[in-house]
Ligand code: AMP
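Okay, so here's just one chain, in structure tokens, the form predicted on its own.
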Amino acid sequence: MENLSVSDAQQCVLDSVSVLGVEPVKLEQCLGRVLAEKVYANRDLPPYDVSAMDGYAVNSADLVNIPASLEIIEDIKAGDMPSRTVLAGLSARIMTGAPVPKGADAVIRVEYTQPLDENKVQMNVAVKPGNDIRMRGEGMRNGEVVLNAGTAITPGVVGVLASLKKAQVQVYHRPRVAILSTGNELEDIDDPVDPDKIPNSNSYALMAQLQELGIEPALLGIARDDPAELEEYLLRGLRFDVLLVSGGTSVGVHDYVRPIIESLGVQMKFWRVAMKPGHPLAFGITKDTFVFGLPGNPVSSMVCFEEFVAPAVRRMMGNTSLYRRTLTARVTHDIKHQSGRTEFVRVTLDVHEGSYLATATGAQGSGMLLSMARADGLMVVPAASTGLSAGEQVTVQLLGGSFFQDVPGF
């Protein structure tokens, strides 16, 4: 199929891929993976009513008339178990996380009290039952499902797993991904500098995009524009779950990638997408491998990765959230656009009077890598658009590394 819309091409890719198998990993190695099992609470947390603050455990009924003077009968630290019952007119000094003693139904923060002597304290506020108490099981209850399969493992999830003493968890496999660049014009990173060559930036930019997803790819190197050499490299790449081939998928007389991969049994699903940059994008499958033929221009290659490869790889890893987050911004200048292709404009983002402002990073040529290096996101210009005027609202897909800012947001 040729000249699919971006959305149709994305759907074609996602309809082709599926979640990979399952493996156990240690808790220390599970960050960024996706749970492949339900996780159940193995206890109530907290295991008993505990104080949420440093202060005094009291009977709220003793605080009808304020100030109220109460006797201190016990000190309770976190890890201690109370030994006394708080009867009427009594209190217990208590630390954050310590068990609330029998008889007490509230905690008064220390800052709302005044010591009278070693054994007496004055309460200066009235409170309701349950004040500053974390009730037994409010965090989780024994036997309940606390995490479902498909949950992306974040630092917070790691904390939950640790609280349940899950030293090992079942997660979905990460796909094995290979990257191959093609072209006689390319110079690899360890080659002597040749001013007549083009540095092989694509392999390393794609490598970094995959690393951001938690995958360490195999770099196969550079295959020259020779059918026999290309076939040898492509056969190596087809041993992986995903093969990314950069360059050589266009229609020039020396663009051999597509005919060779078809001869190796790759079923082509599409080979053109109505987008800019990234028009010469190809996608094919075998029984074991998904093949993306990415454009040779570095920006085109990276944009195609964001729109097609990343969602596919995330689905294979078990994720349900597949696409970059988006936000609405106002474009700060006119954007020329010829209708027919969805365009992804590299932009920086600023905030002015509570709204995001999107500004193009400069010249948008598909070979200008600095336009990606400087970008906070990709501004989406719909295929039907005939151009944008300054001040119009636009959708911006956030890129990796753009989730931080240089000042607090409060």
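All of these numbers come straight from a predicted model, not from anything done at the bench. The first residue of the shown sequence is 1; numbering continues from there.
Not pictured, yet referred to below: the form predicted in complex with this ligand.
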Would you check, heavy atoms only and a 4.5 Å threshold, whether D80 touches this ligand in the predicted bound form? no
Wondering, does E229 line up within 4.5 Å of this ligand in the predicted bound form on heavy atoms? no
Flag P295 as yes or no: does it have a non-hydrogen atom within 4.5 angstroms of any non-hydrogen atom of this ligand in the predicted bound form? yes
Decide whether Q122 counts as a contact residue for this ligand in the predicted bound form under a heavy atom distance cut-off of 4.5 Å. no
Heavy atom within 4.5 Å of this ligand in the predicted bound form, from candidates I198, L322, L238, M95, belongs to I198
Considering L186, I335, L213, V171, which brings a non-hydrogen atom within 4.5 Å of this ligand in the predicted bound form? L186
Which of these stretches, 125-133, 296-304, 85-93, 264-272, has heavy atoms within 4.5 Å of this ligand in the predicted bound form? 296-304
